[in-house]
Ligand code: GCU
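Given as structure tokens, the chain that follows is alone and in the form predicted alone.
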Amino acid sequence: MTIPEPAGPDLAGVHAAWLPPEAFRAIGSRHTLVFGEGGLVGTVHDEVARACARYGGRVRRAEAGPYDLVLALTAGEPLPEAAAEVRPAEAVGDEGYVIARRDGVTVVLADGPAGLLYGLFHVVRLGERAFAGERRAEHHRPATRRRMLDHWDNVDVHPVMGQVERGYAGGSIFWRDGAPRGDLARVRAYARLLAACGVNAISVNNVNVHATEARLLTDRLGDVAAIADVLRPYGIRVHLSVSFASPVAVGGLPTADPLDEDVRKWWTGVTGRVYETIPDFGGYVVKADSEGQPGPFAYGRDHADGANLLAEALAPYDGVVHWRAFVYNHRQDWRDRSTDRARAAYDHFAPLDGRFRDNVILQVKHGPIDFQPREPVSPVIAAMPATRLAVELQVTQEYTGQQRHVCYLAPMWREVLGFRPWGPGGAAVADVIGGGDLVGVSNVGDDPYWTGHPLAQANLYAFGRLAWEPRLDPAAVLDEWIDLTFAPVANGDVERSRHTLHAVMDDSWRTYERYTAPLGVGFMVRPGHHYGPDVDGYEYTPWGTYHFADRDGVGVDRTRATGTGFTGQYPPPWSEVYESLAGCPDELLLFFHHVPYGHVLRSGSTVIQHIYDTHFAGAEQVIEARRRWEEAAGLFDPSLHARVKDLLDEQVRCAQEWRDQVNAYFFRKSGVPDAHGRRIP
């Protein structure tokens, strides 16, 4: 197998992201043995061979040393001497690997070809450090079984949603004009990037399945197979979003009732044909009875009935169905304060715990609302011990600046994964999903920088790395991305480049939170496109009500005592912590409580003064980030620097608009002036 050079003429002008050729210099200048058989071992060999062709090293498939680097499968016999010396006593799993260095030889040893591929990219991350000194054997294996990206890509350009729903980096890299892109070299390059950070699964179409996407399951299946063929050499399995109503929409049946025998036979037949075409197909992703998508409710059935139907069809092939828990009433009466969108997922799914088949994976958004800059962790994660769960994160920045704002999301995700639903002595979210799935909504498009904003690449990289190891330090992950992406091609002082990027990115999520919606209320965005401030934009719509601001106070009462009862969905101690006005964390106060503007936070500030202070501070922090970036003009590629500078100009403008609109709104509601005398429009 020969893998075409991903930086060839067909990718001219496309940014290399965290795999510039220079990142392979340390490997490419040395003598390497690649030992083992299998398609992914061939990928490892070709990656090393390309680097050696560029930097003068040598790679072989048979032992005739000496070698600087040995990449070997444990199943090979006889095992190369250097590898035999570090062979682990126990298996490291299909995707795990051991890395060690002794007697001048760096060794990566894996039980399976995928582990060897991930071990190779570990060496790439280390660079010259992989070949310095001695290194005791380190065992690395992923914490999650599937590290998956959902692409909300439409095959046809949708009149409302466009090519990519909630996509902020151009069109789809998979589809164009209702068909697959003729040249899939960009997809191949994407597969390399994903393998390098640990992603091993992709859903290639929108969860809101439109007419053309529905046909991908039947007469358009060859289009999906073409993409799968390109992703396979990097260990990535294809999944497909399907409509629950497919038996009607594309199968010609009069019903999609999950208990109907003809419907069951239809799904069994079509799934068999999928696996005949794509033997390593991963499974289905389903959004049902949510925001207008069809589901089992139409037939008087529940979500377990619906999910189990598809799971039964997939089970003979070791396939899975990701059944999304994003289900709520999107036609509610804003005057009814007993209706609470935050409650919905728990109310729908917790009673069904234990009823789902083993190959159903309930895919739960990390928060109970919808990827806001600040939410509590979803109580569903702690409520379903007998159900396999996947936690869903939003890499694409729908509510966090839409890749026009710098917003490094790894610190938020690390907080979510480290949250302990049962208190300090209990398991963390990362433990609950251990061995399961972490899913992210992709932020990639056909923009030359992949993600629109060049710095938004860090979110995609961080998703993969945290899915592999949820306890990684976000700052250390950012260092990895910087060192791979910028250090090999730096135009000047590498340390200064690193300091600049940390100054701009480290606190950018909290900066975004400061100048947008305060204290956990969320959704103060313009309806529809969700960019920019509109404090009352969603307040009187059927989608939900989020802040209840009046002349006396602000916030949503979700307590058991006087509100919607949402706090009762959490196990102790959090049910008591969130119920208590005194104990509730400041950053979530208005998510759980309606309080007067003069309420004193645990920080010592009043709510109204906190709103003023954070919005002024957030806007100033963006100005400072822009200043730091401008000062570093000579350190980065000029076109990249210019793109980021233009986007920072927009972020400054938008942050000031947020500051002025939010502060003016609450000044007019409360009548309380800023204690520091700053101008409020």
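The numbering used is simple: start at 1 and walk along the sequence shown. None of the values given here were measured: they were computed from a predicted structure.
Below, we refer to the form predicted in complex with the ligand, which is not included among the displayed structures.
Listed stretches are 415-423, 158-166, 217-225, 587-595; the contact stretch with the ligand in the predicted complex is 158-166, by a heavy atom cutoff of 4.5 Å. A residue is said to contact a partner when one of its heavy atoms sits within 4.5 Å of a partner heavy atom; H530 meets this definition for the ligand in the predicted complex. Taking the partner from the other structure, the ligand in the predicted complex has a heavy atom within 4.5 Å of a heavy atom of N208. Within this chain, K365 lines the site of the ligand in the predicted complex, having a heavy atom no more than 4.5 Å away. Among heavy atoms of E213, none comes within 4.5 Å of the ligand in the predicted complex. F326 is the sole member of Y570, W509, F131, F326 with a non-hydrogen atom lying within 4.5 angstroms of the ligand in the predicted complex. Checking H303, H405, K287, R147 against the ligand in the predicted complex, a heavy atom within 4.5 Å turns up for just one residue: K287. Along 228-265, not one residue places a heavy atom within 4.5 Å of the ligand in the predicted complex.
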